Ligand code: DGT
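Just the one chain here, laid out as structure tokens, in the form predicted alone.
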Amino acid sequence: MPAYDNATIANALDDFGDLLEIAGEDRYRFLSYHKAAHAVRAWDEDIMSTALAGRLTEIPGIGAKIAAIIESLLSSGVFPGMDEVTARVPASVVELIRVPGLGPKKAKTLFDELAIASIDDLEEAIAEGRLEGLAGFGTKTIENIAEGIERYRTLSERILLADALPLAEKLAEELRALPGVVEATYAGSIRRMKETVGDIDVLVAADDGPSVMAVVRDLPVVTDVIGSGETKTSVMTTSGRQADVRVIEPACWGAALQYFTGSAEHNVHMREIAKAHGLKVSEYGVFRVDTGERLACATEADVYAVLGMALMPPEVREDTGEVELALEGRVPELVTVDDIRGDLHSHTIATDGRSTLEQNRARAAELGYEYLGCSDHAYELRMVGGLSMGEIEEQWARIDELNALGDGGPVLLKGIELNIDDEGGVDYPDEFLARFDYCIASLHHGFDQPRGQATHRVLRAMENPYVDIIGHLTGRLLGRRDPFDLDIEAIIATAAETGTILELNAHPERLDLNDVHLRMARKAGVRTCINTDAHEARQFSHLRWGVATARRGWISPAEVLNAQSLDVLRSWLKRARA
């Protein structure tokens, strides 16, 4: 039986939903598949384990019909009903809507009018001028699509960390259980927790390489063997991604793990320091240049210690100053998931969320949170049911009721996600904003605005005494939507002046702020808040991705709003200082 992970099943459900939309099916039908895909991605248990236990319908949004489809995918890789739909629209048409600037309607037009069924077809049609004159495809649109194809081809070479890491963890877990295997783990950009990754690298410490390679070739997750030797095997997996598995001699495990974790720039700096000490560092160990003697390198700590350095967390190994700090023994304490005491960005069914206030609170209680912020969308975002002041009053009344239960659950905070308009204003009058426990303000429109205008909107919003946090600042969606063109330096400087907190949105498609921005903010003394922007209770598990990015940005618990007790959190907010 093939082995599929949550990301692969979720992608299959999303693809089928897109295909149904392109084929002109009922809106409710195709949205049900997208809803199911969201639920599977957020499900923090291996989907195959859930299926084997007969518990697929426990996943929010998964009914008996979609559960049966998932079971079919897991057991045979076959999607029931696919043949009927692909008889009308080829499955390859789905790829078209991955191109920025192309949606389902335009993809259907291209297929119906010009028989364009793939990105290669589209590229050829643009080169031949066949899109000119087609309704809805003006000169500028065609130019944008051509640029979008280039971006898509570049971005599609990498996948989200949240899609790659579970597969890498599963591979390492299976190999770690083999007889004779001392250790197994993932390396490369996954171990450094980069927001997107290419191939998956797994290292195995064992003496019998050929035996391990034989097992790798027959793993359920493997669909094709690209190449295999005594110590390295490259395979294609059911996720459609390549995985490289290397066997390492246990005695030099630390050197290999350090080398294959990288980054390349970090390793170059390491080699320069080693050379100055008359040493040579490679994946095979640390050696004295004059005698060839191999020094202790069974662990990464051994390798760094030989060079007079403290062990550095993998996330910071990007040659951005970590080597100098390690030489001084001043590696910073970085935030962990256990440091987080609550989440301040969550949505409910009152707007575009898929869980109730009660369900979100119950999930937060399971996570041991001290508090949970309810921050549904404000009125001006009517497309997702933004709340009127009257509706907010009703929500506040329910929050008061839940907080009065005395059941030991997390304290619910009255928050809101405001919309920043074209002038930098937000949804409600000041006297109403003052009644929230805190306010997040976010950009939700105007992605094509020039830098000056987009930046002005954020700067103006930060000057508002009731805007405590700026949400998902750049607005990017990894692989799908480019960020706002913003003057980040000016925004960080103003945040430092106004005491505005910048959100690190932990949704795996956002991770916004990124690690570079976080280091800039940290240097300027600007605090951050790691939120999941959860639209369903299970999405609180996305926190791990935000924490990983925070660690890449050198963020400590002392710099994170929601790593503080509730009393300290309140004291950090603008309204408390005012």
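Just so it is clear, the model here is predicted, and its values are computed rather than measured. We number the residues from 1 along the sequence you see.
As for the form predicted together with 2'-deoxyguanosine-5'-triphosphate, it is not shown, yet the points below apply to it.
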query: In the model of the complex, segment of 98-106, 456-464, 181-189, 357-365 with a heavy atom within 4.5 Å of 2'-deoxyguanosine-5'-triphosphate; finding: 181-189
query: 4.5 Å heavy atom contact, Asp199 to 2'-deoxyguanosine-5'-triphosphate in the model of the complex; finding: yes
query: Residue contact check: Thr261 to 2'-deoxyguanosine-5'-triphosphate in the model of the complex, 4.5 Å heavy atom; finding: yes
query: Distance check, Ile226 to 2'-deoxyguanosine-5'-triphosphate in the model of the complex, heavy atom within 4.5 Å; finding: no
query: 4.5 Å heavy atom contact, Arg158 and 2'-deoxyguanosine-5'-triphosphate in the model of the complex; finding: yes
query: Of Arg176, His277, Arg271, Lys414, the one that lies within 4.5 Å of 2'-deoxyguanosine-5'-triphosphate in the model of the complex (heavy atoms); finding: Arg271
query: Single option in Thr86, Gln449, Asn267, Ser234 placed near 2'-deoxyguanosine-5'-triphosphate in the model of the complex, where near means a heavy atom within 4.5 Å; finding: Asn267
